[in-house]
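In C-alpha cells, one chain follows: the form predicted on its own.
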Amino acid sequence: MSAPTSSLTKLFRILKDIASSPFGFLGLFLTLFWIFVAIFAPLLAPFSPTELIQPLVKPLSYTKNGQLLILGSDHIGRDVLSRIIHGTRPVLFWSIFATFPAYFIGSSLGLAAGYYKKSTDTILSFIANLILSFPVLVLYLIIIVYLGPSGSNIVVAITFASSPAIFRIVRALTLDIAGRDFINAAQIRGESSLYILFIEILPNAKGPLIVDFCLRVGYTAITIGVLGFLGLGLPPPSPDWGSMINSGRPFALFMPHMVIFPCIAISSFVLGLNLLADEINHINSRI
C-alpha cells in the first residue's frame, strides 16, 4: 500500500472513530457545517450582505416587497441570515490563517528550547514567560490599537500573543521525546539537528498539537468576535460576527435577533471545534 493511500485510509479510520461518538459526531458536524457554509456562501445567501432591504424586520417576516427574511434584518435593512453566512468566510479564514504562523513560530522555538536546552532554553523560556505574564486580551488591544484594525494586523496580534503558549507545549513535548531511544539512534547515525527536530520529534508530538490546534482556532474565532464587538476587528463592510453583535447591541431589547443569531454562530463553531478536539484527544489516548 502506497504512503498516500495509507494516510488516506488512516484519516478515514480516524473520522469513523470520531463519528462513532455522539459528541464527536456533533463536533465534526458543526465544524464541517461552517466550513461548508464558508465555501458556498455566495450560493447559500439569499441576498448580498450589504444590500439594503428593509430596516428592523423580525425573523420569519415578509418585507413590503414580499421578501421573506428568515432571520430578519438589522437596523439599516441588511438581511441577518445573509450577513451571518457571508461572515463565516472572514471568521474562519482569519481564525485558521492567524493560527498557522503562531504555530510555526511557537513550534520552531519550542523544539529548539526542548532539544538544545541550556542557554537556548533559558532565554526563550524567559521571553515566553514575560509575554505570558500580560493578559492576552490586553496584548490584543494594545497591538490592534497601535497598528489599526485589519485582517493582517489581527494575524500579527494573535501570532505574538499565542506563540508563547504554543512554545511551552512544544517545549514540554520535546523534552519528553528527546530522551527516547530512537532519538539517540538518530544522533548516532549522524543525522542533522533539523532532521531530528522536524522528522523525528515533531511527528511524534502531533497528537497533542492537533488537539491544541483545534482548540486554538476556536479561541481565535472568539478573539476576532471580541475585537469586532469592541470595534477593533475586521473593517467594514466585512460582515464578521463580532461586529454584527456590536451593531445590534443598541437594539437588543426589542430586536434581539440582531444579537442572538450571530452569538449562536460563534458559539456553535467554537463548540464544534472543542468537541472535535476532545474526541481526537480520546482517540490519541487509546492509541
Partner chain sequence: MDTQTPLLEAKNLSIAYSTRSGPLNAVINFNMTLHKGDSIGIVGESGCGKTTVLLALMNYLGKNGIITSGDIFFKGKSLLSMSQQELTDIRGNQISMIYQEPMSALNPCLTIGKQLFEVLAFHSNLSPSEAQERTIETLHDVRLPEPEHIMTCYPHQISGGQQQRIVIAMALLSRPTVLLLDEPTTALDVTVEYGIIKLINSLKQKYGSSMIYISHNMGLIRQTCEDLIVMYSGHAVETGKTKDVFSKPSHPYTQGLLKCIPSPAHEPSERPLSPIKGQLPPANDRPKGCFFGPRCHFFKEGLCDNPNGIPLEKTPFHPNHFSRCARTHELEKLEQPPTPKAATRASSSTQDTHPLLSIQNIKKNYHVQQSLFSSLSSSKTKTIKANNDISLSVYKGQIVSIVGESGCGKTTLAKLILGLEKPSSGSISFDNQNISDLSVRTRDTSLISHLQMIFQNPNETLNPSLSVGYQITRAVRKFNPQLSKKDARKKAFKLFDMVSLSPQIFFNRLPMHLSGGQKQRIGISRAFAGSPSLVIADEPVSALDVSVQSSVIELLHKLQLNENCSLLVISHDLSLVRYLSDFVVVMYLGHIMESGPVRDIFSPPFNPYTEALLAAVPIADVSISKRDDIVLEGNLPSPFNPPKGCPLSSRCHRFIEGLCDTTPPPTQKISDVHSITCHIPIDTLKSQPPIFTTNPNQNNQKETKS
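Here the structure is a predicted model, which is why all the values come from computation and not from measurement. Residue numbers count along the first chain shown, from 1.
Omitted from view is the form predicted in complex with its partner chain, to which the following refers.
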*asked:* Quick check on this chain: which one of 108, 204, 120, 153 has a heavy atom within 4.5 Å of its partner chain in the predicted complex?
replied: 204
*Tell me, please, which stretch of 191-199, 98-106, 82-90, 68-76 lies within 4.5 angstroms of its partner chain in the predicted complex when heavy atoms are compared?*
191-199
*Quick one: is residue 9 in contact with its partner chain in the predicted complex, heavy atoms, 4.5 Å cut-off?*
no
